[in-house]
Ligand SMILES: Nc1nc2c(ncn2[C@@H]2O[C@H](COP(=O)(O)OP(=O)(O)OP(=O)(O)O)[C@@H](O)[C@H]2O)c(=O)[nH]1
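Quick heads-up: it's one chain on its own, the form predicted on its own, in structure tokens.
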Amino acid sequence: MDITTMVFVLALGNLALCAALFFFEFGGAKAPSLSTWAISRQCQAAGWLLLYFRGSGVAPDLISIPIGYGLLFAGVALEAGSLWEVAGRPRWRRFAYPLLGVSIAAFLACYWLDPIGLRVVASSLILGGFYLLGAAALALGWRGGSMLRRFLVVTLALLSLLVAARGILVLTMPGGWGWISNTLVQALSSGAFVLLMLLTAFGYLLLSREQLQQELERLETTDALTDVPNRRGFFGLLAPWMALARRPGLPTAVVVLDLDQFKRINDGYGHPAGDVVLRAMVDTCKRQLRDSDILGRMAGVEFALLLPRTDLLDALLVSERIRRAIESTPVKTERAMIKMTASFGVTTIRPEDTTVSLFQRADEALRAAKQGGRNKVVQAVTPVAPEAWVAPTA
């Protein structure tokens, strides 16, 4: 495959990707990273097309080379930026745009000094460097990353170095190095460009699909509003502690809590205010808990606490501390400062417990707290009725 044909393949391939992305995004919400990636493909397609017209004798060098390579640099830089955005670095533009400007200026200077040799050196090093920046963005999640991400990091890095190697070899050894001639390196770098086009396209889409699948799996066990385990997630975390309760050792406590008269907030201030209160209440609870403690949302405004290796007395003290924190922390919403209270039912896991019997006992204690005037901590006592627990005075 000669250079002109290879450039045409790259231009056609990027145009096909642009068309596929247009119909993929048509009528739907666009993720910022995907929009950036789509623009990068459009820039690369336009750049390769201009270089193809130059090779075919249609466009003059003074127009096709500066503009074509400028579009290529911009496209690869934006492609790397979209990967940085996926990696959780949304401020990449403040570094990428100045670097892109310097790169284009350096290329134009090299092209003015030497339209052939230095142009090849500058374009190879700049494109290889931007591709390496994309590989570096993916490498940020190496430890917890999937095999797909690791494969993309290694392959992108190797192909980027192969692209840059052409410029390095022209700069350091114009006559080649042994059996490694400039012609061979040029052919390999041309193949690397084709592989990079395919790899970055399919790799990006597969990574996006992988992240979407991970998010869907997370939402199966996580409450979307408060970002704590939902009922299913909480029961999954509770299961091993239910099994450990059958062995001798420190007990594990479970607390059920419910915000008092929460309906009046939704009715009086609207559901957005209610959402703000729920998130604020979760933050208040977390500040009173250990890292090993687990807070979950059971349903509506009912939450549960799992306190590993905590006996009944300590669980009552923790619950009282949270109750006081909620009572003394008004929540600021758009329409008002809202003061909340909560009621608590406290119990410990027993060897014979099932999740049904455990939560039935805790719910009975919570019901007793509600019937006793709300804003109380009540411990579950069996076989007698639940009794109120009075916090020790300071």
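Quick caveat, the model's predicted, so the values are computed rather than measured. For every residue, the number given is its place in the sequence shown, counted from 1.
Missing here is the form predicted together with this ligand; even so, the following discussion is about that form.
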In terms of non-hydrogen atoms within 4.5 angstroms, which of the given stretches 71-79, 242-250, 297-305, 132-140 touches this ligand in the predicted bound form? 297-305
Tell me, which of Y269, F151, F262, F95 has a heavy atom within 4.5 angstroms of this ligand in the predicted bound form? F262
Could you spot which one of L225, A87, L195, L313 gets a heavy atom to within 4.5 Å of this ligand in the predicted bound form? L225
Would E320 show up as a contact with this ligand in the predicted bound form if we use heavy atoms at 4.5 Å? no
Is G128 one of the residues lying within 4.5 Å of this ligand in the predicted bound form, judged by heavy atom distances? no
Does this ligand come within 4.5 Å of any heavy atom of G274 in the predicted bound form? yes
Any of the heavy atoms of L278 lying within 4.5 Å of this ligand in the predicted bound form? yes
